[in-house]
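First, one chain by itself in structure tokens, the form predicted alone.
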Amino acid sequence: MSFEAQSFLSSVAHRLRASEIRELLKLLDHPEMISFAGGLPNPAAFPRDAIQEVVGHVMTSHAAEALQYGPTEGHHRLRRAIAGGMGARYGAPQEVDNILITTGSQQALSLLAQIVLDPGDSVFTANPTYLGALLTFNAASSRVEGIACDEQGLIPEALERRIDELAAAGARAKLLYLVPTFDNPTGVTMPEDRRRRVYEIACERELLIAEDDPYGLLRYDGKNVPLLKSIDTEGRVAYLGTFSKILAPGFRVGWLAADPLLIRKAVLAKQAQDLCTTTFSQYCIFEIIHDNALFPHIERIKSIYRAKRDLMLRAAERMLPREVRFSRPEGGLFLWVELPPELDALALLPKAMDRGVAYVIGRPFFTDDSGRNTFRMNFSYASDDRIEEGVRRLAEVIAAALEDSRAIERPDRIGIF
């Protein structure tokens, strides 16, 4: 009898689906392709000299500890530095026991879902929202409830309305997931008054908030907006942070800042996953913080990304057809593009790739299969000359598609009239 692996799969495994974005990225490994598809930091932004120096120091002074297994909670001095930094930089001071070091913030979200959500529980998100969160909640057998958004992010009244609808049906949601600062995919930042109203709703309706903040320190203009965590007086906000976008994703180090009970349970769940986050990376990151090298580096990469954002915006304003709308983010890594409703971003993608330029279609970010006329463009990774050339190629593809759609809508008259 032959082995049939399919018969051994769990119900969770049957629900898992490949990320359309990850599958797309496999097609982009070509030197001539101008990719606006990933959310990748620019390699030129990596502090190579500083990291090389720190690696040498760690190997010289801390090799015995840094090359060993570490505590599941994480390197104590790094946890203490993060706890203090959240107070100094964010106005959200933490105790060390509120901090768990994770393998990227994606693991922090996965652990939070594991310890909070039962199969069938509802989770609220913005619509659209970060695709990695949708994959996580799907793996947790959750029901994702996408809440309507506008140019300022999730609409509080829509959240209240959906909570009431669920309550009338005898159900409730436990978790609200948000990327309120430079949202992925839209780049939108939720203003302070709306954040406070969302937090009030969470308190009134007994919701836990997961605040995902991978880009918050990458602000290029405008005023800082308080974190949800900084206005949290009840321990109701679980904050997800990461060094991937502000230092280097190869370290794979993030953190969860949350109520101590949630941290203790997340530690137990993490022990079943990977025992501990890579100790060597934690030691290196702590030394970079300890040497006061992190925030000067962040200022440097902000200048790089600000210039790239401005270049993409100028190119979009100059070249894209006037019917196309796009966001103007104050920070982060992405522009969000909305095509006229008659165009489909997925149908256009092969044509764009034939021209040697790629983006990420918007539909997978939505919870309701909408957004077919949207896509996301990353401005951090491509070189400056390729940004302008890539936008030019996209503009030509979109303009041709619009011309084709108009020809279909207004065919040439045939007959005597």
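Residue indices: 1-based, along the sequence shown. Quick caveat: nothing in here was measured; it's all calculated off a predicted structure.
One more form of this protein, predicted together with a small molecule, exists but is not displayed; see below.
The candidate site formed by Gln106, Tyr177 and Ser244 is fully in contact with the small molecule in the predicted complex, as each residue has a non-hydrogen atom within 4.5 angstroms of it. Among Thr136, Asn184, Asn98, Thr189, the residue placing a heavy atom within 4.5 Å of the small molecule in the predicted complex is Asn184. For the options Pro128, Pro329, Gly74, Pro214, the one in contact with the small molecule in the predicted complex, meaning a heavy atom within 4.5 Å, is Pro214. In the predicted complex, the small molecule lies within 4.5 Å of some heavy atom of Arg252. Proximity to the small molecule in the predicted complex, taken as heavy atoms within 4.5 Å, picks out 214-222 from the listed stretches 120-128, 263-271, 155-163, 214-222.
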